[in-house]
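Next up is one chain by itself, shown in structure tokens, the form predicted alone.
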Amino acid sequence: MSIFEKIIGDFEGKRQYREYKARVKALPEPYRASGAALERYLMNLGAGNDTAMLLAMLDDLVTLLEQGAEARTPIHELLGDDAVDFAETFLANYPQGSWISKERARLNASIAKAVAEGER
């Protein structure tokens, strides 16, 4: 199974992903490049393996960029001064399936368990 199949999943998911990519490609600059950069960051940060969540997140992202482009909202007003903060806040809205969310929860549980065992 290729990495693409792991990310996208079934045929319907592939169709939705292709539509998303076409929507990003149709964006004017700098929205197109910003969308590609945000997608890369979000995918590397922890989009997880939940295909439905991933597609919903990407659809919401491109919709935001399309609306910003249509309203001619400058990209810095749309995303704020810190694109990393924007991306991480955006990703926090999609915690299901995110490997980083699972790792954060696992870290907190491990520390809580270590503290509890140390207090016995």
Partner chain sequence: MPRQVTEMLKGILEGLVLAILGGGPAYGYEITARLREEGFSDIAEGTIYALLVRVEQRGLVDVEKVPSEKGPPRKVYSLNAQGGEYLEEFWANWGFLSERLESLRAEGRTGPTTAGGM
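Predicted model, so just to flag it, every value in this text is computed and none were measured. Numbering follows the first chain given and starts at 1.
Missing here is the form predicted in complex with the partner chain; even so, the following discussion is about that form.
In the predicted bound form, the partner chain sits within 4.5 Å of a heavy atom belonging to Q67. Contact annotation for N44: none of its heavy atoms lies within 4.5 Å of the partner chain in the predicted bound form. Using a 4.5 Å cutoff between non-hydrogen atoms, Y31 does not count as a contact of the partner chain in the predicted bound form. The partner chain is not shown here, and in the predicted bound form it never comes within 4.5 Å of any heavy atom of A83.
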